[in-house]
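The data below hold one chain only, encoded as structure tokens and taken in the form predicted alone.
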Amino acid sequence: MFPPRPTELLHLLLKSEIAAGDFVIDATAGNGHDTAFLAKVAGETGKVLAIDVQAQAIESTAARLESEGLRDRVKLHHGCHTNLADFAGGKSPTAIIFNLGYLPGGDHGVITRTENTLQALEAASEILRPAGILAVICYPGHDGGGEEAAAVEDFIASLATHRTARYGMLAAEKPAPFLLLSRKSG
């Protein structure tokens, strides 16, 4: 599909940034699409940490990983992404992905919350290794999504140690999802 959806673009760009053996984080596991992608590119020697606050998301991600033969590469945490630094255990990841909003196929009333997301992004920017990638897909089209997207964009733009680009559709019927892709200096 052209232009690519934000998740497709993110995966395309990260393929050349993540090497076999790298440590990476999916801060919002959802249905496991990003987690499985990270497990594939980090390879058999890589380590993936996937976090989600919803038990349904952790179960769905585990099932996807199992079906793709990737379960042994991923450590799943049922918890809030605000704790990602604790879950990382002192390791500095090559990349951290956030795919905000709600769980597709789940309760659309359960969404990522601006205050939690900003706290998690602060932690992510601190633990990310030099030259690491911080990626956030924002969904401004649902209730609460516009506020969160604007706050996330402002936060990432304020990171003096990062260079950031924004990718998204123009002239969409409703506010379209967009990707914020940021590289930490170093």
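Sequential numbering from 1, following the sequence displayed. Not measured: the values here are computed from a predicted model.
Below, we turn to the form predicted together with a further copy of the same chain, even though it does not appear here.
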property: Check all three, Pro4, Ile133 and Arg183, heavy atom within 4.5 Å of a further copy of the same chain in the predicted complex; result: yes
property: 4.5 Å heavy atom contact, Pro175 to a further copy of the same chain in the predicted complex; result: no
property: Ala19 within 4.5 Å of a further copy of the same chain in the predicted complex, heavy atoms; result: no
property: Touches a further copy of the same chain in the predicted complex: Phe23 (any heavy atom, 4.5 Å); result: no
property: Contact label in the predicted complex: Ala157 to a further copy of the same chain, heavy atom within 4.5 Å; result: yes
property: In the predicted complex: members of 138 to 167 within 4.5 Å of a further copy of the same chain, any heavy atom; result: Glu153, Ala157, Arg163, Thr164, Ala165, Arg166, Tyr167
